[in-house]
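Next comes just one chain, in structure tokens: the form predicted on its own.
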């Protein structure tokens, strides 16, 4: 019996990605593709998931209600790294496997981080003198796929690279020629630029607080391409007021954007919407990886990228 794969994306995949996905499904045989693109009503998604066997999403919210509406769903794949948009507990309760596609958009996110950093240290190109990246110290708070890409790019700018990752040893970090920091505090007090590359979970929500920010060097720049929930916004506002040369760039507008912009607009740079994975290459990579993982799951019970229990 044919299995139905639904791609439900408020922000659709690139046309080339869909072409490649269709080809994979045709070659695999026994699968049928359904598309729900640029939808703007939750009821549409609830109806669409009812009879499908697999679901691919991007940043779409897969809530308990959405999962509860499904009758045949066996696997959900988040085309991207972060999966906090999916109710893992509800999925596990229904025996549904949830996966992500780590690394597929890592280079896109890393390049965006440097683009935003350059824009901010050049004063948003307003004609006034800025500063350079060369010989500065950059720290990766989290040294996964994105952190590794950033380290490679940073070396091209002749920057000194540092990393702190709670789950990686000194040997693993240093094998890439990156300096190891034993704590977040050491990283933040050492580097001129700090990039947040960690997931949002119970341990990390609001972990970037006033106490940690107060460790930063004068004139440091913090770049957040991860999740806004990692930032204690009250602490961020206070630190920006207390440290008049501190810079903040984010791929996710904070909830306190209006308040920040009233006081510190020249020292912040925010994208209009999350843009980290918004390249043709990342779009194609994550879409293709998603459908390949689904086929391997059904054919071989491959669960290598499963993120729930």
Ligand code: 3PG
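Numbering follows the first chain given and starts at 1. Here the structure is a predicted model, which means the values were calculated and not measured.
Separately, the form predicted together with 3-phosphoglyceric acid exists; it is not shown, and the next lines address it.
- Not displayed here, 3-phosphoglyceric acid is approached by residue 79 to within 4.5 Å at the level of heavy atoms in the predicted complex.
- Within this chain, residue 224 is remote from the site of 3-phosphoglyceric acid in the predicted complex, having no heavy atom within 4.5 Å.
- For residue 105, a non-hydrogen atom is located within 4.5 Å of 3-phosphoglyceric acid in the predicted complex, even though that partner is not displayed.
- By the criterion of a heavy atom within 4.5 Å, residue 277 is counted among the residues contacting 3-phosphoglyceric acid in the predicted complex.
- Residues placing heavy atoms within 4.5 Å of 3-phosphoglyceric acid in the predicted complex fall in a single listed stretch, namely 79-87, out of 79-87, 178-186, 116-124, 160-168.
- Checking 59, 63, 261, 243 for any heavy atom within 4.5 Å of 3-phosphoglyceric acid in the predicted complex turns up a single hit: 59.
- In the predicted complex, 3-phosphoglyceric acid lies within 4.5 angstroms of a heavy atom of only one residue of 1-30, namely 11.
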